[in-house]
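Listed next as structure tokens is one chain, alone, in the form predicted alone.
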Amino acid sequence: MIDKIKIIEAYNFRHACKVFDTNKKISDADFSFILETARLSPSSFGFEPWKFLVVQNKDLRDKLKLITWGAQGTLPTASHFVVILARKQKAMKYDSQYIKHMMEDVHRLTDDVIQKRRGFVKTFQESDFNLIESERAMFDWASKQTYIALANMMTSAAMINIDSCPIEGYKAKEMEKLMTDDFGIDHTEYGVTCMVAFGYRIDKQRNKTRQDTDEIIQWFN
């Protein structure tokens, strides 16, 4: 049986850990578990618009640190550091080669189902959410989905007493250039959405503060 108390304890345990203990490293098995919870995360239409770069190389971390003001404490100290990418319009448009690949090779749909599914996605992107209007609209849609994987990674880490810190503080243009020059990422296909560091805390966590339940939840029975 899943212990609900332990799950809530994990949520209370999790906080944005700004500095990690450099003497403690996450085991390969534990980090594989964290990455698997990202891989199994849900996405719109099941298109998985993400890629995860696990950056352990010190030189690459040093270069990231120069343009990532939100990770000045975590980049040098984290046991594991992940840059999360989202696919851009080139890949996410309903008639792209990537969407075709997902439906044919990953979902293994039949031709008639693929044709119907592509029609649903076309309507969704063109009319329901107006995603075709700009590159940014499509990228933002894909980016929102990567945050589901981000949350699952941080929660699964907390459940095995591993700390984490989500990071959005970086210079976007400089990051795109770094991804192209040093990571070999095609910036026409991918963009950085966020980063997340993992490790073990050295500082005591402050008491968690949140709004009361009745301030944020409204029922309509």
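All figures in this text were calculated on a predicted structure; none of them were measured in a lab. Residue indices: 1-based, along the sequence shown.
Here the subject shifts to the form predicted together with a small molecule, a form of this protein not shown in this document.
Which one of 167, 192, 34, 26 is close to the small molecule in the predicted bound form, taking close to mean a heavy atom within 4.5 Å?
Here the answer is residue option 167.
Which residue, 124, 98, 147, 141, has a heavy atom that falls within 4.5 Å of the small molecule in the predicted bound form?
Partner contact (heavy atom, 4.5 Å) among the options: 147.
With a cut-off of 4.5 Å between heavy atoms, is residue 206 one of the residues that contacts the small molecule in the predicted bound form?
Residue 206: yes, in contact with the small molecule in the predicted bound form.
Please run the contact check for residue 18 against the small molecule in the predicted bound form: heavy atoms, 4.5 angstroms, yes or no?
Result yes; residue 18 sits at the interface with the small molecule in the predicted bound form.
Would you point out which of 26-34, 57-65, 167-175, 39-47 contains residues with a non-hydrogen atom within 4.5 Å of the small molecule in the predicted bound form?
Only one stretch qualifies here: 167-175.
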